[in-house]
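In the block that follows, a single chain appears as structure tokens, in the form predicted alone.
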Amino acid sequence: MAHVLGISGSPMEVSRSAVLLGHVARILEGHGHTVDLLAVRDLPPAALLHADFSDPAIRDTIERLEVADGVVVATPVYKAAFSGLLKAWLDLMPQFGLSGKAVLPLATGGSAAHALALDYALRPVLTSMEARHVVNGYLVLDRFIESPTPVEPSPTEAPVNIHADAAPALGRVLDSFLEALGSRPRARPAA
């Protein structure tokens, strides 16, 4: 089975995109994959803003990315693009940090028009990092995710209500991602 790095790009403590990522992580784990969740908001702000590649937390995220077979990126859409926090983190990752990996971009936003941010803002960045396959992403409208509250358990533990109108399309992109994970070439044993 594959090892997936789930990246929450939301700067907010209470975030629908983090809840969506937790929901997807539970589904992937149900298929036998391991999921490592990374909330970029928990990284040292100075290290992100000053591109401190030597910061231990930044180095740790690079190592976590290196060992992943697949990556799920979840972000809110702000002003027609993915979050600046996520962009700051992606800028610190190796140029070809997604080489050989399947990637699933997910977003949350208030309007269906925000879906364009996946294809015209996030996909080019992920592709430039040499992702083996960036599956079609999906935007879940804010109104289709039960609003998280600060007193709920973490997103990976909280039950999530994804509205029935969003669940089928989300299921299809997850199926594509699962297929891409399964087609990943396996490392050859050393001779």
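Bear in mind the structure is a predicted one, so any value in this text is a computation, not a measurement. The first residue of the sequence shown is number 1, and the count goes up from there.
This protein has a second form, the form predicted together with a further copy of the same chain, left out of what is shown; the following refers to that one.
Enquirer: Would you mind picking the one in 57, 49, 67, 164 that has a heavy atom within 4.5 Å of a further copy of the same chain in the predicted bound form?
Expert: Contact with a further copy of the same chain in the predicted bound form is made by 49 alone.
Enquirer: Could you tell me if residue 125 has a non-hydrogen atom within 4.5 Å of a further copy of the same chain in the predicted bound form?
Expert: Because a heavy atom of residue 125 falls inside 4.5 Å of a further copy of the same chain in the predicted bound form, the answer is yes.
Enquirer: Would you classify residue 71 as touching a further copy of the same chain in the predicted bound form, given a 4.5 Å non-hydrogen atom cut-off?
Expert: Although a further copy of the same chain is absent here, residue 71 would stay clear of it in the predicted bound form, with no heavy atoms inside 4.5 Å.
Enquirer: Does residue 37 reach a further copy of the same chain in the predicted bound form if we count a contact as any heavy atom within 4.5 Å?
Expert: Outside the cut-off, so no.
Enquirer: Using a 4.5 angstroms cut-off on non-hydrogen atoms, would residue 145 count as touching a further copy of the same chain in the predicted bound form?
Expert: Answer no; every heavy atom of residue 145 is more than 4.5 Å from a further copy of the same chain in the predicted bound form.
Enquirer: What are the residues of 63-84, in order along the chain, with a heavy atom within 4.5 Å of a further copy of the same chain in the predicted bound form?
Expert: 78, 79, 80, 81, 82, 83, 84 sit within 4.5 Å of the partner.
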